[in-house]
Structure formats: structure tokens, C-alpha cells
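Next up: a single chain in C-alpha cells, the form predicted alone.
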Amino acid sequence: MPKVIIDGFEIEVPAGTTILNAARQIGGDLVPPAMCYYSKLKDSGGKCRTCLVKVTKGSNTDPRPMPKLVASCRTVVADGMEVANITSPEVLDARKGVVEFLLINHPLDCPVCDQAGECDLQDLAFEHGSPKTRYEFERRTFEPIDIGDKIKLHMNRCIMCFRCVFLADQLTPERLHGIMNRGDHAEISTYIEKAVDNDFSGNMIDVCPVGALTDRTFRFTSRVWFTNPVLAHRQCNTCCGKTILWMKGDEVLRVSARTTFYGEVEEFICNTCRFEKKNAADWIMEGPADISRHSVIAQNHSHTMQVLKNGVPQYDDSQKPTPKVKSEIE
């Protein structure tokens, strides 16, 4: 198996593994951010450019560095490859520019956006963004539209990651929406104002990394950090029936699919489970969902802690690889 060195950490991975997935096996700060890549969606990645890294050594057979920064989600490792991520000022500067580009048309909707608190773009802008923009032109604007009886599309917030399009292509029987127009006029839209209506269309909400696609049954109901995420399941003939219930007291405000540490859905769920089963009696509760202590959702949520040793409560970060902090790398 090829060995790759990322920011001084060496790891052996199966042939065909991308730099991004190799970095995820190491974990911590070494993992490049990714807004468009989704491991369960074939051909995803290579759109947002936030995962750019510098390959300082191509391989043992060809040690020449790659002349330009490459997208780690699309570049396969080679034996002896050496990669610089957070140790490269060039990478950090390029990532800052990419974030500035993504925010050119993105509105300051965080105070009213339902995605606030679990938005990848918020985290990306906080870690790599600039405090001001150099963009002097008017932002493009679109009116929010309903692309189904349960899904609201805010095109103003879209970063054109194409995740929802790939999901519709690969998961649903027929795709009624896609990319219309080109360049700065490109937008996600339905075909001649048709409604997106199939059993798994709600999964577009889960794969969207920003607040462009939102759940109409949950909109403006509550901030996500005021809810309690609970693992639950039910017998369903259409999907796995394994979900997260976002509860306020005994009331189920929202149902979503279970996700990994990197925010990717483990198993997609049907619209019946997502939109129609909003009574606690419909579900078998399993217990609190694992929430990273770094997430705003975990703040003031004592139920997300588990007593592990000597009666001391600790957050459960079992899904997260062993972190490597920047000081250790330097």
C-alpha cells in the first residue's frame, strides 16, 4: 500500500485513496475543509476548491513537486508522496481567497438562517475568511421558491457545490432539478417549475452544506442549539428508519438522517420518516446523539456528556480521529 506524508505525518493507505481521505484517517487540523465532496455521492468533489493542498513531492519514482495547488478530494496518493496543508502559507493564502470568492454573493443571513449553528460555510469563514471583502459590485439576488411541498430553495445562499444534483441523479428515480444557465447566472432550479416530489427528495436538505435548501416544516421554529438531538429508529418499509430527532421537551421539531463526524449521511432516509413522523410515540428512542464538544449545538447540553471514568463527565468524540493540533505539527 502507498505511503503518503501529510504535514510531516506518515500514513499507509489503500491504493486509489485520495489525499483528502488519507488526511481524514490522520484527523485533526490536518484535514482540509471540503464543501462539495461527499463520499457517498459518486463523482462529487472538485467544485468548491476549498480543499486545495500543495504536493511538494509527487512520489518516490517521480519526486518533482506538482506545479500548482491541487484539489485533495480529486488527487490520488502515490507511494512516497509528500503533501503540505496547514504548514504551507501558499495553501492558507489560496484557501482564504477561495472563501472570499464563495462569499461574494452569499448574503449575511446567519441571524435568520435555519442552517446557523450547523453550517459548514460559517465554520470555513471563521477559520479561513477575511474580515472584509474587496467585491464592489451588487450581489446577485433571487427570490426564495418552493421546489416541493416540503423544501424551500434560497438560491442567494447557494455556493454551487452540486451535491443536491448528484444526490438526485444517484438516489431518486427521476431528476426534476439541476443547474440552469452559466457563469454568474448559473442557478439551481426545477425543470419548467415542476415540483421535486419523490420518496427521498428530503435528503437534499441534509447534503446541502449551507442554508440554500431548508426544511419547510422546521423553518423559523427554533434555533438548532435550543433543541436536543436524540437517536431514534422505527420500522420503515422504505428506508433504514434510523434518524436523529431534534426535540424541544417532548415535541419533535425536526427529523434528519444520521451523519458521520464529517457531516456526511450514514444512510439516507425517506420523506415519510423525515416529514410525517413528528410524534415522539412514532419512534423508539435510543439515547442522546453524539455531538462534538466543538459544536455550538453542544453548548449547555449536559445530556451530550457521558460518565466515562472516575465519575467525571466527558464529551463523547468517539467518531473523531485522534486530533493533531498545529503546535504538534510545528
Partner chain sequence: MRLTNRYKVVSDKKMTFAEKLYLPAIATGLGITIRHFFKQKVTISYPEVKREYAPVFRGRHVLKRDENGAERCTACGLCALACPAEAITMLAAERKRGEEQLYREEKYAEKYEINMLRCIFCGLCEEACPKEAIFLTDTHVTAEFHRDDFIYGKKQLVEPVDNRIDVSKRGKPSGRL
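These numbers were taken from a predicted model, which means no experiment stands behind them. Positions refer to the first chain, counted from 1.
One more form of this protein should be noted, the form predicted in complex with the partner chain, which is absent from this view; the next part is about it.
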Original post:
Applying a 4.5 Å heavy atom distance criterion, does Val296 contact the partner chain in the model of the complex?
Top reply: yes
**OP:** May I ask you to state whether Arg254 is within 4.5 Å of the partner chain in the model of the complex, using heavy atom distances?
**Re:** no
Subject >> Heavy atom of His106 within 4.5 Å of the partner chain in the model of the complex >> reply: no
Original post:
Should Arg140 be classed as touching the partner chain in the model of the complex when contacts are defined as heavy atoms within 4.5 Å?
Top reply: no
**OP:** Determine which one of 254 to 262, 163 to 171, 107 to 115, 229 to 237 lies within 4.5 Å of the partner chain in the model of the complex, judging by heavy atom distances; exactly one does.
**Re:** 107 to 115
**OP:** Look at the candidate spot formed by Lys152, Arg219 and Arg223 and say whether the partner chain comes within 4.5 Å of a heavy atom in all three of them in the model of the complex.
**Re:** yes
